[in-house]
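Quick heads-up: it's one chain on its own, the form predicted on its own, in structure tokens.
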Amino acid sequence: MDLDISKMTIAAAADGMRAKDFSSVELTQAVLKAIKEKDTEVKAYLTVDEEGALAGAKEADDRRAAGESGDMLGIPVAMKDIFNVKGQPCTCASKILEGYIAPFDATVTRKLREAGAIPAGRVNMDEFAMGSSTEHSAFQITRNPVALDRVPGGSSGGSAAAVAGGTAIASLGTDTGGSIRSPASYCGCVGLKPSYGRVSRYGVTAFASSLDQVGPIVKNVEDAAILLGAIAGADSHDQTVLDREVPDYRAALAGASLKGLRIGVPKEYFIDGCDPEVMASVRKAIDMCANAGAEVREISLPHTEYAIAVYYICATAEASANLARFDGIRYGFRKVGPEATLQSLYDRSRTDGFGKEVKRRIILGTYVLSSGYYDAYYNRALKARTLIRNDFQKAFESCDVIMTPVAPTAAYKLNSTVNDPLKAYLGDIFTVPANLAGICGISVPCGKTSENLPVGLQLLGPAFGEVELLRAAAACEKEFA
């Protein structure tokens, strides 16, 4: 059977398998075929486990034949190369982990397997999730399938490129400062960052432990709801996950409407220096929501101006601590110099194993944590982070969701920020506040530029407000169609 997966959603695939139009094996074969035929230019995938994927598909078909059902049963999922999947490589797109094979499943991997989903392939990313363009991978550069001379965003660029490029039905990514929402915006997908504490991080290689969150990159809001439902929930291995009931997110979408929805539009997110076409698309989308019955009001998030500085202090400090274990002795690539001293082993292993961006962030993080600078930088950043969080809490007293741009520009050209890290960091200006506050956010396509590049609308909801956020996003998606 010749299946076209380029437009196929999780919901449509599940319906097709229930109706016995095709099997999971046939669906998985179609995904594997699409990867071989379409991924040569985009380069979203690092590795593909064909044998394991087909075995998982056969098991899913057997489970369905035995009477089991479920929206994720038999669905192949592309996994960002940061998740441990037993028996598969997990390099985090870094040379320092080249050759590492995961001996266990991350909790989200286990939950996907329990739901019947199939971890089919590893997709590219910025090394250790540090970057916004997927140009900082140690192995290859991923291109935006919408425009091959453009970046797909990052760090989950491989995830978005696979979904948008027709080589994945759905993908799982991580978001530390926008790494799900930005690639989704650049590639024209839907990307959901859940609230901090909604999804387990066990078995997910840490970048910044107080900021990292796992979430879906998919083709529509319904699929985001389905995939979130499969991976959310308490985990004894991760004490930062709250033991709260996981709603039926998909069922909650029924009857989603913009009528009466209170939308806050923060004036601090519409600033000079942004692409006028992007701003115009976002403004038009918000106006469409108002015309559909939403109550739109201007709000203020006054400490937004400190978000980038706070983020790049907190995130790099945590990265410095988390990556200390990759030293050539406890974990990672090992290279001993001719002098064969402990110092030379550290120096050579980390010098050759880590890329420039990772080294830059480790150095920044070590600096802000060092004696004499800890109080001046790190402690002050934590205090400012609390103020940013308080801004959102106050805003959600008067609005249900907040709407903003995802990024100040559409997807930019390859190599345009590699030698200008500050410019790349400023591209996260609209996404990092949500991570600092621990709230949920989603990117929904809302238009295109004159060059046919996708533009994303960001919707933000309060902590553990995913039901309301997804309902609002589904209503927007319907209105924008």
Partner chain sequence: MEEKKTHIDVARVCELAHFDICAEEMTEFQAQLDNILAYVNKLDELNLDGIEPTMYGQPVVNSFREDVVTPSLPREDVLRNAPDSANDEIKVPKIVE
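For the two forms, the rigid core is made up of the largest set of C-alpha atoms that agree within 1.5 Å on superposition. Numbering follows the first chain given and starts at 1. Values in this document were obtained by computation on a predicted structure and should not be read as measured data.
Keep in mind that the form predicted together with the partner chain is missing from the display, and what follows is about it.
Annotation: in the model of the complex, residues Q239, T351 and A381 each come within 4.5 Å of the partner chain through at least one heavy atom. For the residues V278, C399, A230, I362, the 4.5 Å heavy atom test against the partner chain in the model of the complex is passed only by I362. Among G166, P247, P408, G328, the residue placing a heavy atom within 4.5 Å of the partner chain in the model of the complex is G328. Of the heavy atoms in Y100, some are within 4.5 Å of the partner chain in the model of the complex.
Taking non-hydrogen atoms only, V310 approaches the partner chain to within 4.5 angstroms in the model of the complex.
In the model of the complex, the partner chain sits within 4.5 Å of a heavy atom of S195. In the model of the complex, at least one heavy atom of G332 sits within 4.5 Å of the partner chain. In plain terms, the part of the chain that comes close to the partner chain in the model of the complex, with a heavy atom within 4.5 Å, is 353 to 361 out of 176 to 184, 353 to 361, 400 to 408, 132 to 140.
Interface residues of 442 to 481, taken as those with a heavy atom within 4.5 Å of the partner chain in the model of the complex (partner not displayed): A463, F464, in sequence order. With a cut-off of 2 Å and the rigid core superposed, Y331 has a Cα displacement that reaches or exceeds the cut-off between this form and the one not shown.
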